[in-house]
Ligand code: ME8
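Below sits a lone chain in structure tokens, taken as the form predicted on its own.
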Amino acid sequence: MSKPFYITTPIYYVNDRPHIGHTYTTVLADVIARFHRMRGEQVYFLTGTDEHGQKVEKAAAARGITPKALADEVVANYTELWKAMGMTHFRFIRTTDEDHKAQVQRLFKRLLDKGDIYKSVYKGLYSVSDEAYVTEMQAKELQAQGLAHQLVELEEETYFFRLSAYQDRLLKHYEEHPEFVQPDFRFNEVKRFVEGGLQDLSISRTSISWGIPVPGDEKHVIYVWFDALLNYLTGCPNDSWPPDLQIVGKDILRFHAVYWPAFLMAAGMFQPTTILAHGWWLMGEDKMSKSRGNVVRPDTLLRFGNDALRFYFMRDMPVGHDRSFSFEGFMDRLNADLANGLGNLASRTLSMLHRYRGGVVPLPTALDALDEAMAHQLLEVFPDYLEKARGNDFHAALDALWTYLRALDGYIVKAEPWKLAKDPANDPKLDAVLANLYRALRATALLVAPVMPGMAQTLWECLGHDTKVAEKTFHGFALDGPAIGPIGDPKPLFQRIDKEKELSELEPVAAPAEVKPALDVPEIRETVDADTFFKVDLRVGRILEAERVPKSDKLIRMKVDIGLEQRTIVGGIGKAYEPADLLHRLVVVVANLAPRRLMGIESHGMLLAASDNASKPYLVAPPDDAQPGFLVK
């Protein structure tokens, strides 16, 4: 018997109640867990909370309560939310659990006895926000991000883990296992970090007391990352090691792709796994942050239903990339895809089956070319969806499925079943249309069950089933099989949102705490005639590749698809954008600009960007449905 599919989320720090970033990560894990169950696999799904560290100790002291009391208070927010959302984890682990404390102390002593942990004195920079000592290179990165104020000088006795001893072994593993980190561009960031050289890692503190004591030297507490990462080991049943998939945000990827495997290598417990690093939900161009006051809480969005929120997360976020959130975009997506899309298609189909066939799904006896094409499209989209979902790309899987559902709407318009029903001579054609539509909805209910379990079950029951769709498996499902019996009564899958009304009732997200400087508006330039302006060829482009230009902190070299061809363009946007976050982004390109050389690279074109009074660039972004090559005018 094969081992269970073991999937984990990061454990969430108990400094605040959950926001949509935490919720997105857990929903993604839950969708993948449900998907693997419907592939016929046994699944073990672990999530939980990280409860030790300096920030918790200080926050508790400020309120006059114990750190454990503070942790209990915050943890309740997570457990109640995950229960309300129907998350299917098998264990919610807490780093304050007794079995975890024993596990951490046991492994610490094992590595201490082995010589991979040693005591010395640390003197250098410490990041307050990350609760981590930082190297000179990391300090420069924080300074470039404007986060240098979070660094303080520290000197204290500490236990170190010999991380430097595992640099070559890590790089060898990266070379042999290209699936270790997904997506690829995030993996490249990890490789470059390790290739830059690893320093031994401080893993204990004496200046705080809220943590797991070092066995035999209890003036030290074991530092948060050695403690936190081992939760995946503590929470793993004997038959499930190693994790098959570990989902993390991009900001904690290094800890999981460098420290975590090194700890396991030292313990002799490392086996290949896959780490999936997702991007951030942004408000505009900014990361959601409590200090900025731009955090969106899941309960604000759950008023539209659990399934709706789960669908939005999976449909709109390409895994690995950042995605900007807006309430308008959220409601537009739900109205377009659920109310006007799937909901309307299901309502029309079920109503026609009741009206024209008394609720009995006919067997098709004759299919014309249009019917054959739609039946064949289902046979193609079903395995395509499963393949994309198997690669954890539910964004692409749902996009393919909804493209098919839109094609079904077109099929109804062309077939005109309301006209066919007027003449019994058209019964074979009408039977074919109704059967195709029924089979499409049946397959859709099955496919979307991991994403929208409640909505999928409602549709499944409307189609005449009295079983649990989540207990079905994809393998061997007969797409062209007959209906098991008459259909049920139609039920609404999703009510259209009155966007104007809902927006007026939503509590506005607070503006960022900092006040942006006023923009110095320049004088309007000299007037040009229309003929002169129209000589500028502006095109929609898509960035295919992006990398920093060596020896420049500002220039980024990009390969850009402008429809007619692919261009190399060098842009001075490196202080505002990371190369990885530019991939697949739509931009506006000045396509007929004469080529010029920058740092020895020929740049053919220029990206359009606005800028503030500090010259920070803001790339001009075409709508998501624009295509490379479109003319901007």
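Residue numbers run from 1 along the displayed sequence. Keep in mind the model is a prediction, meaning the values are calculated, not measured.
The same protein also has a form predicted together with the named molecule, omitted here; what follows describes it.
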*Tell me, which of Tyr411, Tyr404, Tyr122, Trp281 has a heavy atom within 4.5 angstroms of the named molecule in the model of the complex?*
Trp281
*Tell me, out of His256, Arg542, Lys101, His395, which residue has a non-hydrogen atom within 4.5 angstroms of the named molecule in the model of the complex.*
His256
*If we take heavy atoms and a 4.5 Å cut-off, which stretch out of 337 to 345, 247 to 255, 395 to 403, 463 to 471 is in contact with the named molecule in the model of the complex?*
247 to 255
_Quick check on Ile11: any heavy atom within 4.5 Å of the named molecule in the model of the complex?_
yes
*Using heavy atoms and a 4.5 Å limit, would one call Arg110 a contact residue for the named molecule in the model of the complex?*
no
*With a 4.5 Å heavy atom cut-off, would you call Tyr232 a contact of the named molecule in the model of the complex?*
yes
*asked:* Is Asp50 near the named molecule? Define near as a heavy atom within 4.5 Å, in the model of the complex.
replied: yes
*asked:* Residues Met85, Arg315 and Lys388 are flagged as a possible site; in the model of the complex, is every one of them within 4.5 Å of the named molecule by some non-hydrogen atom?
replied: no
*Those residues of 195 to 228 which, in the model of the complex, come within 4.5 Å of the named molecule by heavy atom*: Trp225, Ala228
